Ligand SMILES: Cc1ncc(COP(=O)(O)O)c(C=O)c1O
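So this first bit is one chain, no partners, the form predicted alone, shown in structure tokens.
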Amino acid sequence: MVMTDKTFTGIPLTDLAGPLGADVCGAMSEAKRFLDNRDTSQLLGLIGETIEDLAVGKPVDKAVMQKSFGGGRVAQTDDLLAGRGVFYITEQGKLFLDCTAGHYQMSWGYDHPVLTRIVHDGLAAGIVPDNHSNIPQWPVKRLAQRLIEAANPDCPELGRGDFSKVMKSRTRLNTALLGIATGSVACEAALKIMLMHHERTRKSGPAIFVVLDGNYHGTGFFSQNLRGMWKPFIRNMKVVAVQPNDGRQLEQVFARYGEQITGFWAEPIMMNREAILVETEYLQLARKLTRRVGALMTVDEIQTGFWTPEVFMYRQYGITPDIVIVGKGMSAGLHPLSGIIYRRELDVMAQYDAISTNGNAALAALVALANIELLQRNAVQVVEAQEYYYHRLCGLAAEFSGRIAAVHGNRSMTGLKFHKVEDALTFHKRCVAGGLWLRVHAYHAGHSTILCKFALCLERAVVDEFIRRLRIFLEAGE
């Protein structure tokens, strides 16, 4: 039987107006046309403006949605209507510059032409959005290979399809698990591997995890325990939090617990703690200490992975962890897909010990493959734009050193830390009101930082206009 739009119902679905509503559909299309028909310089001049001649329609309220994300409201909303690159238009017709890449995961911004085309071409070629993990379609298998290639750049034979030498190694990252959709599930999978390794090596006492204070690692039950949650409900597992970049404290913790330590966790840039950059010497020390006591080292690259031409940021540290976690930007925000890369010795889980129903997503894997190709083909431009942005931001911070304490992070993942939390909050309000969508960390004691994570399609002209507007907002606060 050949299925058509009338199959099963007898009623044709002619366009998006059916499921979405004619008003909403028309508003989205008009907003998209507005973005598509203007170049970067034109859009930069309109940031923060409400496009008066844009028929945006009636915004949809959020009365039935959860309160934690602004739900429970029956008033008109001002959420995203349509986006392109680093720009988006809201339901009220206001143009924003998105300084956070969606929510840190839209690595090439909104509606990147190459990625959008690859999705359509993939579907036309027979690539399925998802299927059972037992029968992975070719893009999933190819993505696993590409991840191992990226983790072993000194093995040119991998590019020729010869994985035999790497697979025989006991020290190289040579195994990929991709049957998981979200970063939270990926972190839980890594934790399970570490716990099984703890049990297999018969370490005495509870499983002890050394983590960086302010870590995130997702919303799973055990991964949230790494940041101090659910303590009364978890037994035989101890979490020791240390301050990032405090090598002396790290040595003391490893000296105290020694071989009882199960594993060490770190994020290269701690986006949940004011975008603190973990220093090279610190991670190299952690690698030495974990090897000394037989503990596993996990690097969580959910935030940093696929935001650098090397794919993995850990490569910049001159170390090889035992487990690497990837997510968010891997599939450029088009569909959730995450994974872990580890040594074959740690491949101890049974088939369904760590899996997501929609984690074997071949179409998302195809996008991830295109993402890697885009990164490598545009490596020079990406790094130049990121470093230019970081240089300009540091210059601005020096110019206003009386209010700005430091610039955290690296390249396009940054935190602008204010001396006073009140200044950070006021500055954030000015930015959002002025059409700059960025985040603020001010909900923990001592946090006073504006967070940005620009998409990889960042241009110098965007950087210049962003810095110009920040300077105006800073001058207004003096």
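Computed from a prediction, not measured in an experiment: that's the story for all the values here. One rule holds for the numbers: they count along the sequence shown, beginning at 1.
In what follows, reference is made to the form predicted in complex with the named molecule, a form of this protein that is not presented.
Distance criterion of 4.5 Å from any heavy atom to the named molecule in the predicted complex singles out 302 from the list 101, 302, 89, 366. With the partner omitted from this view, the residue of 112, 408, 273, 328 that lies near the named molecule in the predicted complex is 328 [heavy atom within 4.5 Å]. The named molecule is not shown here, but in the predicted complex it comes within 4.5 Å of a heavy atom of residue 187. At the 4.5 Å threshold, heavy atoms of residue 163 stay clear of the named molecule in the predicted complex, well away from it. Among heavy atoms of residue 182, some come within 4.5 Å of the named molecule in the predicted complex.
Using a 4.5 Å cutoff between non-hydrogen atoms, residue 93 does not count as a contact of the named molecule in the predicted complex.
Screening 209-217, 131-139, 280-288, 382-390 for residues having heavy atoms within 4.5 Å of the named molecule in the predicted complex returns a single hit, 209-217.
Contacts with the named molecule in the predicted complex, taken as any heavy atom within 4.5 Å, map within 234-270 to 267 alone.
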